[in-house]
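The chain below stands alone and is given in structure tokens; this is the form predicted on its own.
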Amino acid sequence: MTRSVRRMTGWIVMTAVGLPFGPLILWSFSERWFFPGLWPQAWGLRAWTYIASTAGMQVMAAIGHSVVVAAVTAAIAVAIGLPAGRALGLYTFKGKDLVSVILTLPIIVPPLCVAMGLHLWFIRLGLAETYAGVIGVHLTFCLPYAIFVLWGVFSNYNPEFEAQARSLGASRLAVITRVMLPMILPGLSVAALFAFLLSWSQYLSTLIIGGGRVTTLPVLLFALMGSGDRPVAAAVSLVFVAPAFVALLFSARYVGTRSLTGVH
């Protein structure tokens, strides 16, 4: 594929991805936009000024809460998914198919059923309406994806590199930090991105477990959409989808140039 064709393909993909967000951009910079006008009757920065002002501190706080919850969820998902994915990818054992089915259940079961079922347990454990509870319910959705990604990574991983390092006198820690982790870093990054974005976009589970006390950006966004202030809701929506675009660019530039196991 020539460079011009690749460039054209990239522009087509970017246009197809960004086109649905065109109306959101127009709404976020509008002051008045009434039907049947195709364009806003008045333009302005009120929505963005509101987000950056003292009055918009609730929006900034919600963004902070979402970043913290998603980052912690992603870190825990990767920390658990790494040994689990290695075991599933490198070894064959009894019950492996059962483990696969169990990991699939939180993905195929409707999120409302999962959140409502866990809510009763979290109330008894004192985790309802807490950040720990929200992170816990997010893990039920994010952890299976992280494990499946790392499972695929280790299915194509060659452990003989570790054996060679050990034969040369490398310690167990050196094998992990200087052999395994550099080789699986692209796949590890994909697993972390999946977990972060899934946690970032959780609304229903956050609302049920958080009980309205843990206000993340999706929870606030749905409230703004119901308020009728479309410019502010559109601006917050653009902030909400920004991490997805950053992750897309990161994966295209960093991960897309190499295999998930780091082998060129």
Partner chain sequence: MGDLRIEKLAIDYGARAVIQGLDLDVHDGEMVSLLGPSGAGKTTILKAVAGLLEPSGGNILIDGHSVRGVPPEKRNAVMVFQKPLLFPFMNVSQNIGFGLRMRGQAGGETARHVDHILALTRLEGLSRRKVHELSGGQQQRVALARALVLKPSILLLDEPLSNLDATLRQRMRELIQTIQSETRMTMLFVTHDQSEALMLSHRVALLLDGRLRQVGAPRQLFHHPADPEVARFFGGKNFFQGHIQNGMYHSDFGVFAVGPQDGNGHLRTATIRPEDIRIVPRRAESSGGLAGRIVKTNFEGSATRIVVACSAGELVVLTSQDGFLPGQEVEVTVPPDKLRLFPDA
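All values derive from a computational prediction rather than experimental measurement. Numbering follows the first chain given and starts at 1.
The protein also exists as the form predicted together with its partner chain; that form is not presented, and the subsequent description refers to it.
Within this chain, Phe161 lines the site of its partner chain in the predicted complex, having a heavy atom no more than 4.5 Å away. Using a 4.5 Å cutoff between non-hydrogen atoms, Gly95 does not count as a contact of its partner chain in the predicted complex. Taking the partner from the other structure, its partner chain in the predicted complex has a heavy atom within 4.5 Å of a heavy atom of Arg166. When contacts are judged by a 4.5 Å heavy atom cut-off, Ala192 does not count as touching its partner chain in the predicted complex. Shown alone, this chain has one stretch from 97 to 105, 118 to 126, 140 to 148, 173 to 181 that lies within 4.5 Å of its partner chain in the predicted complex by heavy atoms: 173 to 181. Taking a 4.5 Å heavy atom cutoff to its partner chain in the predicted complex, none of the residues in 57 to 83 make contact.
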